[in-house]
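Single chain ahead, written as structure tokens, the form predicted on its own.
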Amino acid sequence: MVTRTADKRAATGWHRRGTLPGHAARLLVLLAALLCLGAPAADAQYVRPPGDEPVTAEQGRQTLADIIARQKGEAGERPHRDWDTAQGNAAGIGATLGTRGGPSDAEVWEALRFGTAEVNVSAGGEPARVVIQDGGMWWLEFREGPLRTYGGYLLLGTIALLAIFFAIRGRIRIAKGKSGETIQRFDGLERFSHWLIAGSFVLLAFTGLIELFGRGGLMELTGKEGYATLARVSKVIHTNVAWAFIIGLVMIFVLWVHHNLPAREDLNWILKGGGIVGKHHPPAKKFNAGQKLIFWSVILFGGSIAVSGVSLLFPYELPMFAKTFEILNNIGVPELLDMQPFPAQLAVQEEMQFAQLWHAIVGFVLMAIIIAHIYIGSIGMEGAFAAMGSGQVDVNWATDHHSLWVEKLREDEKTRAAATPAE
């Protein structure tokens, strides 16, 4: 609610305590003017009453030069008209060219625009009084410029590189062909967790891209009404499916973290390119080094996306960047990078701007990684999809890609067989 320091009776037609309403006052002024038409005017001289001086540009009134300078981005700090002073300087209704003394609608919106309006809020404190945040233009320009441009290039570039790689390398085949014998690679709970996080991430990615790129081109195809409906549905999907993504994130971490800890054979796998560039796959356990990189990328980047997303949903309860910037300042990161200290005091709107940009940037990085993961698990590698499809993989495929894991399964099977008493 916007309140003005002027007497509220002035805005409703009451001008001084004990006087008549506005229409009656104007009628009396008109009658007095008619009676004075026949009076001699030779000696009449207008004397400006106190307070009738016009408000000048120096007192805060906006000029054409101000408007042009601001449109060109050349305006500095604008002087703002003080409402109390304007009220005191304004001529009364009875004076020549008198006014009621209240600020105009343009002045109200100007005060809201530059944060000088007196705004009362029932909750939220000082940050909640910000109705129009002037400092948000940098966020808007970055979001509509570099974020969309480089984010789009990253996704299209990833797809293009994978297409080129597929054209050169082709599909990675099972060395000895399918044996017809299968072993279980993932059980039902593991596959459910995988598809929960995979499906939710795909929905989040598409709906996020619709929100980011919709106004830039999609609206031309769907029309304004069509895009409005699509954006509204996308928002509902994005904010609700996010919880499924978080649940899936926790589940795969609990189920697979012990399989994805660094091991000595990972270095050998990386040095040999995982067998993707050669003909033979290096030995690996249940998860090779490439899969471990995918796992930790999902956990770390996905976790960061989840935290920033929850912060956007609950900005007053879960701000994250002011505290993060304070920690970075304390450990000397700005000095190390030859930068100014990061802002450690942020309004809620500023917190949301930083969170939204971080949410989108990390989202683009994870989308590029997942595109590569989808390629390898589908057309890029023969037999890979069955691991998350039926959970059963061909023995020859398992031996090619995870020979140490297959050896351990066989040793465990022999141990169980030896421990079982003969009938």
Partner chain sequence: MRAMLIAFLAIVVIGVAAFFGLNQIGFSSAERQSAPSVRLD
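Source: prediction; values computed, not measured. Positions refer to the first chain, counted from 1.
Below, we turn to the form predicted in complex with its partner chain, even though it does not appear here.
(request) Flag this candidate site as yes only if Leu203, Trp243 and Phe314 all have a heavy atom within 4.5 Å of its partner chain in the model of the complex; otherwise mark no. (result) Checked in the model of the complex: all three residues contact its partner chain.
(request) Verify the contact flag for Val236: yes if a non-hydrogen atom of it lies within 4.5 Å of a non-hydrogen atom of its partner chain in the model of the complex, no if not. (result) Taking the distances in the model of the complex, the answer for Val236 is yes, it comes within 4.5 Å of its partner chain.
(message) Considering non-hydrogen atoms and a 4.5 Å limit, does its partner chain approach Arg191 in the model of the complex?
(response) The answer is yes: Arg191 has a heavy atom within 4.5 Å of its partner chain.
(request) Report yes if any heavy atom of Trp195 sits within 4.5 Å of a heavy atom of its partner chain in the model of the complex; otherwise report no. (result) Contact with its partner chain, yes.
(message) I'd like to check something about Pro341: if you look in the model of the complex, is any of its heavy atoms closer than or equal to 4.5 Å to a heavy atom of its partner chain?
(response) The answer is no: Pro341 has no heavy atom within 4.5 Å of its partner chain.
(request) Tell me, please, which stretch of 183-191, 288-296, 167-175, 328-336 lies within 4.5 angstroms of its partner chain in the model of the complex when heavy atoms are compared? (result) Looking at the other structure, the answer is 183-191.
(message) Going by heavy atom distances of 4.5 angstroms or less, which of Ile247, Ala160, Val119, Leu300 would be at the interface with its partner chain in the model of the complex?
(response) Filtering the options by heavy-atom distance leaves Ile247.
(request) Note which of Ala106, Ala123, Met137, Val254 lies within 4.5 Å of its partner chain in the model of the complex, where distance is taken over heavy atoms; exactly one does. (result) The residue from Ala106, Ala123, Met137, Val254 that makes the contact is Ala123.
(message) Given a 4.5 Å distance limit between heavy atoms, list every residue of 358-392 close to its partner chain in the model of the complex, or none if there are none.
(response) Residues within 4.5 Å: Phe385, Gly389, Ser390.
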